[in-house]
Every structure is written in C-alpha cells, then in structure tokens.
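A single chain comes next, written as structure tokens; it is the form predicted alone.
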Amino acid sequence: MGGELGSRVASLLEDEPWVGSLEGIDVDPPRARLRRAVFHRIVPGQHDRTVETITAFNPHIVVHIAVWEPHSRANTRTARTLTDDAATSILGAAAECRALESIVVRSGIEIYGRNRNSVTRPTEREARNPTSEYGRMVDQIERTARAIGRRVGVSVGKLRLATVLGPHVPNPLGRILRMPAVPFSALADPPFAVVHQHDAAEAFVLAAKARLDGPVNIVAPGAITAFQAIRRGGRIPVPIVGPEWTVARGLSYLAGAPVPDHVLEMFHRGRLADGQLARDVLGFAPTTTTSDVIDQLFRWPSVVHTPSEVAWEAVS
C-alpha cells in the first residue's frame, strides 16, 4: 500500500461500493491521502507480525502487489530477498484466513521469457519459461499463490504486467530512457510494450472485483522500439554491438541508471504480450497507449533543487 502502484490501488478500492473494510501493509507509508483504509508499517522480513496482522483482519480478498523489480528500488539480490520474504509472509498468512475467497497477485510478462524460439506476442496459453531474474521472481510468486489457492480452495488471479511506468514510479527502464544519451541494440531494435501505472491499478481493482482465477496479460495498446523511444524523447541514440554492451552497462550504472538483465533482454529481443483476454474477462480498457506512456515519461519533471534562501522567501 506504500508504493505508487499500491497507493493508487488502495485509493481506487476506497471508491468501490463493494469494498468494506480495507487494510494494507508496506515498509513505506502510502503516497496518497487515504480516507478509510488502515495502514500497517511492516518490514518484509517481519514474518510473525505480518501473519498476525493479516489473520486478525481475516480478509475476503488479498491483493498482493509487493514485488521489487531489480534496480527499481533495490539491487537484484536485495530485490529478490524482499520479494520472496513478502510473498512467503503475506500469501502464507492468507492461507490461514477462514474468510478468504480470492487472491490476486502481481506478476509480469517477463514470465514468458525471450528464448530464440519464443512467441513474439504470447497469450496466457504460452508456457512460462522465464529467462531473466525478474521473470523467475514473478514465476515463483505465481507458483506460491497457485499452490495456496489449490490447498485452501480459492481463486487466484495473476496479473502479468508489462513494464509499469508513471510519475514517480521507480523503474530501471524509465531511468535509462531519460538519460541524455541512451544505448540501443544496433543489430536488432525489436518492439516492446509498457503500461501506465493508472491502468495497471485499475486492472487490480477489476481483478479483485471479478474474483479473477487464472493469468491475464496487462499491457497498453501499441508498441515501440528503443530507438523510436529515444528519438521521441530527444535523447542521443548510441548504437551498441555485442561486447560493447558490457561497457555501456558499466557507464549506465555509474550514471545512476543500471541495466538489469530483463531490460537488456528487452532491448535485444523485445517484450510484447497479447492483452485481449484481460479485455474479455475483466473489461479492462487501458486509457493510455504505449507511445503515449513513453511521451509522458519524457515530460515528467526531474527533481529541482531550490536554494534555501529562495525557499524561505517563498514561505515567509
């Protein structure tokens, strides 16, 4: 409930007439002003406190969004640990709740992988075959949730999100594209899709309301390539070939924009998915296309540091 996506989901759920009591947990407080939701500040590793809080609330629906994408807010190893700890505690606690009817978890289209023989635009019928660390992370979440759902007899909805972008959303792809000079693959410039944070949040609300059972892809309409995105943002495109990517990743890391393996994979082989099932099952209708999300990315203001004397004059 504390991140940008979680805060948005909580805010939307508060406006739903079918939602009664609403509680959430996170390591950080919500980014939005919530009127009636109860927030609990709990670190992912505090297993006992997480279980005690969730079982005391005894929810009908659990919406699990606690996924740390590598190099969004933490390095790959820490992101993996935080994600695993949160899933173990939260989903394990959900299994102990007698009122539980449904679980909805965040996943990602990285779960399909991008092997050389992979389908370019996979549907939910395609096998899970993750080829990146982030893909393996969300695959494990799906496995855990599915096992619990079968054990206690409840529905399990799995939202396989494209890369989520939005104002103030920490995301490695967004940081890379906003650099003054941006690398891209000179040998292949395949298309990828993203999704705006507001559309992603709406998908979670629809999935919870419908008691979704099974996976759905959540992607914005359209697609874009890295070179096209770079040009739309007025950045300098830097074509990279083979071993040069090692140098490019090192320089990007020093510039504060690490390139994790799932983003590098996307630059080389693209990242698309078929979103028709979400429209058919949930009535999900994204309001922002992939190109529009990218255009908005470049319009979001950077941090502006105001000198202390100017700030004092403004409030005095």
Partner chain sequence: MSNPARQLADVITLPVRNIGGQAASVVGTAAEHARVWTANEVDDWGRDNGFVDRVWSASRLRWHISVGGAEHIPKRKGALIVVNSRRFSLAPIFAALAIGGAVGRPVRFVGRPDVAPLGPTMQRLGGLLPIPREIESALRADELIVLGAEPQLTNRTSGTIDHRIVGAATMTKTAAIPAATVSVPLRRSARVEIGAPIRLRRKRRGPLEELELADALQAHLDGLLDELGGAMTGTPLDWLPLGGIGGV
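Positions refer to the first chain, counted from 1. What you are looking at is a predicted structure, and each value in this text was computed from that prediction instead of being measured.
The next section is about a form of this same protein that is not shown, the form predicted together with its partner chain.
Interface residue remark: Val238 is not counted as part of the site for its partner chain in the predicted complex, having no heavy atom within 4.5 Å. At a distance threshold of 4.5 angstroms between non-hydrogen atoms, His198 is out of contact with its partner chain in the predicted complex.
Taking the partner from the other structure, its partner chain in the predicted complex has no heavy atom within 4.5 Å of any heavy atom of Thr246. Its partner chain is not shown here, but in the predicted complex it comes within 4.5 Å of a heavy atom of Arg269. Here is the short version: of Ala181, Ala210, Ala188, Ala74, the single residue with a heavy atom within 4.5 Å of its partner chain in the predicted complex is Ala188. Ser118 is the sole member of Thr88, Asn129, Ser118, Thr81 with a non-hydrogen atom lying within 4.5 angstroms of its partner chain in the predicted complex. With respect to its partner chain in the predicted complex, the three residues Asp139, Ser155 and Pro215 uniformly fall beyond 4.5 angstroms at the level of their nearest heavy atom. You can rule out all but one of 99-107, 199-207, 120-128, 168-176: in the predicted complex, only 120-128 has residues with a heavy atom within 4.5 Å of its partner chain. For the stretch 198-222, the set of residues having any non-hydrogen atom within 4.5 angstroms of its partner chain in the predicted complex comprises Pro221, Gly222, in sequence order.
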